[in-house]
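As structure tokens, one chain now follows by itself in the form predicted on its own.
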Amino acid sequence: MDKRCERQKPKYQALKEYIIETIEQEGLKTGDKIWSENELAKKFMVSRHTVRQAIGELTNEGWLYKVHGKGTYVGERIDQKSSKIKTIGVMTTYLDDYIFPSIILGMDQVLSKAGYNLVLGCTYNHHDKERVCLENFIRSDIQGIIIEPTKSALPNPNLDLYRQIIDKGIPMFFIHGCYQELDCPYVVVDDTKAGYLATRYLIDLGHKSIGGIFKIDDIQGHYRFKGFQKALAEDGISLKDSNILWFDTDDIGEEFIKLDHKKFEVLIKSCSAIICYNDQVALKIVNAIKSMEMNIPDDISLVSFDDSQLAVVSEVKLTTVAHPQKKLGRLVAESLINKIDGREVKDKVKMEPELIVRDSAKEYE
């Protein structure tokens, strides 16, 4: 059996990859005949069912076509690969600010080099807009999709459209999280570890009363909270409900600090340090604390996430857990292209977080 089929992967997938490589490396053209099902089964010592599954998928993808009673032939995909305008759909919650331009730039660097056009969709983290974007992608002639899920911690009303995309055989990768109902490939930052690193840093500075502000409708907020809990538990530090403030997508637009003013005041007065969901939230906290005539980090320490440009624009430079931004964009684009081309690819990738230490946290005295 060919070594390609001995790897730890489904046999039909290994067979698919071998057939595609053979077509490309031997310069086969549309209409050239390939091995019969019996020949493939014997050559690779696999069942006829496995062969049929591989050929069936390659037929759907345009690599092969079958003529009843005559055999299997190379399809038009080999010709289209070099001449067809190829398009990737990219859907994110936001486009024009914060870390998103850098992520999209990373994707585009890889996709454009590989000859793909990039079509953008933006949901503003609302399900109705997500549905419009997905419907546009389904109607379009696209080769793959990169998706940042909308309100990823909540039940999703658009799963029917995602299942249509899966049924159509369109390769799809998620970033920043994935819906629990869908077992789809993703490239994410290890947000649980990120939450742990941020909290561990404050504990090592001597802080015992540590508060947290997290986003409740995005799964990243839940994972960062999970890491926060883990670090506290390791040191036997109790977690008080009054030390946690949750907000959602709509709250951020309405200044959630004002909406939960009393709870925010309790949080500030009872904690020596606060973990903020991201740099956007941290900057709001910096301004709120300043208006209370308190100082960072003398009166209260802050640590946040993402290492965006906002982390260095204020008087206080934020200690923050970095988001890889361009690197993540490049990695997910490379993974999607490999999947489209039938090459082996790691479906579930967690990128390592890194703590960037600046001036917003100090030792507890």
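Just count from 1 along the sequence shown to find any residue number. Bear in mind the structure is a predicted one, so any value in this text is a computation, not a measurement.
A second form of this protein, the form predicted together with another copy of the chain, is not displayed here; the remarks below concern that form.
For the options E293, D235, D183, D96, the residue carrying a heavy atom within 4.5 angstroms of another copy of the chain in the predicted complex is D96. When you look in the predicted complex, the only residue of I300, L328, L310, L64 with a non-hydrogen atom within 4.5 Å of another copy of the chain is L310.
Against another copy of the chain in the predicted complex, the set T192, L197 and S209 makes no contact: no member has a heavy atom within 4.5 Å.
With the partner left out here, another copy of the chain still marks one of 88 to 96, 147 to 155, 197 to 205, 263 to 271 in the predicted complex; by a 4.5 Å heavy atom cut-off that stretch is 88 to 96. The shortest heavy atom separation between L283 and another copy of the chain in the predicted complex is within 4.5 Å.
In the predicted complex, another copy of the chain sits within 4.5 Å of a heavy atom of H49. The shortest heavy atom separation between N136 and another copy of the chain in the predicted complex is within 4.5 Å.
Among heavy atoms of I104, some come within 4.5 Å of another copy of the chain in the predicted complex.
Contacts with another copy of the chain in the predicted complex, taken as any heavy atom within 4.5 Å, map within 105 to 135 to L105, D108, Q109, S112, Y116, N117, L118, V119, L120, C122, Y124, K129.
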